[in-house]
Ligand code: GLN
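Let's start with one chain on its own, the form predicted on its own, as structure tokens.
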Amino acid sequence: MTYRELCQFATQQMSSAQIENASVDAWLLLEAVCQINRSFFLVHGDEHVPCEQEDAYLDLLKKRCTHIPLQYLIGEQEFMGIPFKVTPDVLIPRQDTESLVEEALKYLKPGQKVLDMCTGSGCIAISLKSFVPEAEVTAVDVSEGALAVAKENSEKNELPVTLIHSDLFCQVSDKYDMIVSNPPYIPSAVIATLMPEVRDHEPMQALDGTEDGLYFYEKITRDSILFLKEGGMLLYEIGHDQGQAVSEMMTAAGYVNVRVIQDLAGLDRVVVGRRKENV
């Protein structure tokens, strides 16, 4: 098949398999497998695809039609303009989470220490290091598989962060100017309603926030006071309906200036607060 025919065939196959944005995925798969860009496609679209590339493309297409996420098939996802390796050990970085990074960057200063709790692929920690190279960035996760991916991403992008294998704060001993976290926050009963790409393929450990979705916010908020310097910042990504609950939780724990920040879609996405300074 030609490049154009292959892309059209993939779009039809994925549409039949009820894949959202089939035409976009067909192109992104072609771009990754054949290492081409739009300019090449416009000029050479009616030329035949090399056999090896066509076979590789059709193999990945077959897998995509079973709802394996595209990012796991091509092994990469961009976040904050940085390429991140992704595997089934980590959640796929999402644009929503960029709101958390952007808010954190308003407060993070060179030389400060920041802790990324539940780091996954390392996208938050490594992005913060990218924008504030003089910051000391530490990333924590309970999953050894996730930490291995985060380590690769740190090394590949030449943005060094300290990685700690820990169940939340168990192995953490330092004090930080900022703690950021995108913890598991989906209520257990909601998991079954998610898209199959998420429900069946992304790591459950990184999704399930237990019964009400607030379990990890409660634990992190309670213990964070011990690991934040006076006046230090705590920032969370949240589900769109969790702003009030997490805000009240932080206020009850002694945080001040607690605010809920909306994402580009106008949905509650980030909660931020400052640890009260002792008087």
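Since this is a predicted model, take the numbers as computed values, not measurements. Numbers follow the displayed sequence, beginning with 1.
Just so you know, the form predicted in complex with this ligand exists too; it's not on screen, but the next bit is about it.
- Of the listed positions (L73, L147, A206, L168), a single one reaches within 4.5 angstroms of this ligand by any non-hydrogen atom in the model of the complex, namely A206.
- Checked against this ligand in the model of the complex, the candidates L91, L108, V161, I179 yield a single residue with a heavy atom inside 4.5 Å, and that residue is L91.
- Looking at A139, you'd find every heavy atom of it more than 4.5 angstroms from this ligand in the model of the complex.
- Under a 4.5 angstroms non-hydrogen atom cutoff, this ligand in the model of the complex has T97 among its neighbouring residues.
- Remark: P184 counts among the residues lining this ligand in the model of the complex, judged by a heavy atom distance of 4.5 Å or less.
- In the model of the complex, at least one heavy atom of C118 sits within 4.5 Å of a heavy atom of this ligand.
- Annotated contact segment (heavy atom within 4.5 Å of this ligand in the model of the complex): 121-129, selected among 121-129, 148-156, 169-177, 192-200.
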